[in-house]
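The chain below stands alone, shown as structure tokens; this is the form predicted on its own.
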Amino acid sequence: MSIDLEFSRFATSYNRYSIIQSHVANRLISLLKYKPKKILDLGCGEGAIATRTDWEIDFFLGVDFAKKMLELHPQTQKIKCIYYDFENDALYDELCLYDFDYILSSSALQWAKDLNRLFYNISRLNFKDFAFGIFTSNTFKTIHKTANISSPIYTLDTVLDTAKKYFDFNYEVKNYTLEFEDSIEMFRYIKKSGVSGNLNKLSYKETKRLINEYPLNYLEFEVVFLYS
């Protein structure tokens, strides 16, 4: 199952399982230098950024390729959403026609198949500032170590080195943990939240072993915030 379908499948329950993503969105908003009037949100999902823009805006454009998530996103005369893969070059040909105060992205860009190409495309748009919250490979690091698998998302160094090619920016790294009563509830969270990306799938036997051998009662998350 592709990443977009996984998010669509659990869209109706996503909000209950998006605790860390909510922290990321809150921090992202707090990093803004001013209250932008014209905003582009890449990987907008069900509206984590739009619902936190509690000031008067002129135009908000959200982009996502999970249809069910977009159905949950608030839409008004000033808030519009489009169904599009944010890695599609054609999207940026269209977006070049706009002027944005801020380009934002919360908990989405880590799924880019080609981060270099994505950052290049973003850099050619007309905008004043940006702020991105991107999960890094230290998310679920003990799970990956216990299961002897690699993370499906980028390392912190890769994100920073790639971004430096196209942007001048500040950054900060935040680590979060989320505790659970037991391993079953923990792995249910992983499945329902969509944060696994449905990559590096383990067999039933391997998953059962991981549940039994996982040494912690919490999950680890690492997020890098890039902002101008």
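When you see a residue number, it is the position in the sequence shown, counting from 1. Since the model is a prediction, treat every value here as computed from it, not as a measurement.
Below, we refer to the form predicted in complex with a small molecule, which is not included among the displayed structures.
- Under a 4.5 angstroms non-hydrogen atom cutoff, the small molecule in the model of the complex lacks D129 among its neighbouring residues.
- Among residues of the shown chain, I39 is not one whose heavy atoms approach the small molecule to within 4.5 Å in the model of the complex.
- For Y84, a non-hydrogen atom is located within 4.5 Å of the small molecule in the model of the complex, even though that partner is not displayed.
- The closest heavy atom approach of A108 to the small molecule in the model of the complex falls within 4.5 Å.
- In the model of the complex, no residue of the candidate spot (I134, S151 and E222) has a heavy atom lying within 4.5 Å of the small molecule.
- With the small molecule omitted here, the record of contacts in the model of the complex names 66 to 74 of 177 to 185, 156 to 164, 66 to 74, 29 to 37, defined by a heavy atom within 4.5 Å.
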